[in-house]
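Below you'll find only one chain, the form predicted alone, shown as structure tokens.
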Amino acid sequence: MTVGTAVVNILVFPGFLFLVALGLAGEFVDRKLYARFQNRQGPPWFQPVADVLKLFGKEDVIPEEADRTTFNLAPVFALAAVVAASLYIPLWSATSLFPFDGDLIVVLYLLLIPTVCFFLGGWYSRSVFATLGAVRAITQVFAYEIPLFVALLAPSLLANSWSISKIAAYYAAHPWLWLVNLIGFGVALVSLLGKLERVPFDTPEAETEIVAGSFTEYSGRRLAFFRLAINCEAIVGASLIAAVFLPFGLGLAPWLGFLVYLGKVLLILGILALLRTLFARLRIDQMIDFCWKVVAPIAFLQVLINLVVRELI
């Protein structure tokens, strides 16, 4: 791969611009399905784009007591981390742009950075509402991150690799084994809901309680960057789950594999929209109890199942 090709891949396709476009499309799908599940009409297809353009056109306001450097950089780092994570996830083939052994750990680390940025942005806004939202956001990390790590650990045990590309290739070569990981698939979906701070795990934002949580003092293009980071994180999270748990269409022609990839992402986004339709918001203590007492043990059960299956095969 030449330097020019690498730059185009990172900035255009399948990198930054592609991820942003797919993130905005994913937001529309999520909001539309969420509305239809509630017997509402939902927004038009261009609404996410219009919202971002409106934010970019608004004035940026920085609170007087805020730490200006952290306040300005937090949204940029959040979006950059998500884009970087997408480069190591295979989309419509069994190989990502820059695969290496251990890239699964790197992707999980990169996907943690946006939440840390939400915390830093809210904490250094010096607003009561933003500080409370920031504390809630960082508290939730200790609830959903462990189940997510364990859920993704289980498939890697069978594949005997920490490389996402090698994991995807292994399950593409042994397609029936994806059934063994169904429990982990469910755990990963629930954990992704927590990572995206969506109902029933939306206490960090909770508009009816603390205005907009960590983002209360943000406006203009900085808020737009945060929103884009969340949209892109949803796509990257869905792509990661699809690569590990749904290894279908990886050996097809590129255009057909791309369509299968989009179908898998839409399926996962649809399941997330359905889940947040079915449940009401949990308190932060209820969320932590649920993750540690229910989700985490189920995730460890998946690890135990995969260890047994690995010995059998």
Partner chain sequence: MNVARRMVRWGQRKSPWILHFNTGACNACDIEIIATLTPRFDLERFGVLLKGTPRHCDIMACSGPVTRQIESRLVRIYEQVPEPKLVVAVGSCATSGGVFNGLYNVKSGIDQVIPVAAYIPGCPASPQAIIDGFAKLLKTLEVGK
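For clarity, every value in this text was computed on a predicted model and none was experimentally measured. Numbering follows the first chain given and starts at 1.
Although not depicted, the form predicted together with its partner chain is the subject of the following passage.
Which of these stretches, 228-236, 77-85, 213-221, 161-169, has heavy atoms within 4.5 Å of its partner chain in the predicted bound form? Only one stretch passes the 4.5 Å heavy-atom test: 213-221.
Identify which of 35, 252, 267, 259 has a heavy atom within 4.5 Å of its partner chain in the predicted bound form; exactly one of them does. Partner contact (heavy atom, 4.5 Å) among the options: 35.
May I ask you to check whether residue 68 falls inside a 4.5 Å heavy atom distance of its partner chain in the predicted bound form? So residue 68 does not count as contacting its partner chain.
Proximity of residue 55 to its partner chain in the predicted bound form, heavy atoms at 4.5 Å: Residue 55: contacts its partner chain in the predicted bound form.
Can any non-hydrogen atom of residue 42 be found within 4.5 angstroms of its partner chain in the predicted bound form? Residue 42: contacts its partner chain in the predicted bound form.
Sequence-ordered residues of 142-172 touching its partner chain in the predicted bound form, heavy atom within 4.5 Å: None of them.
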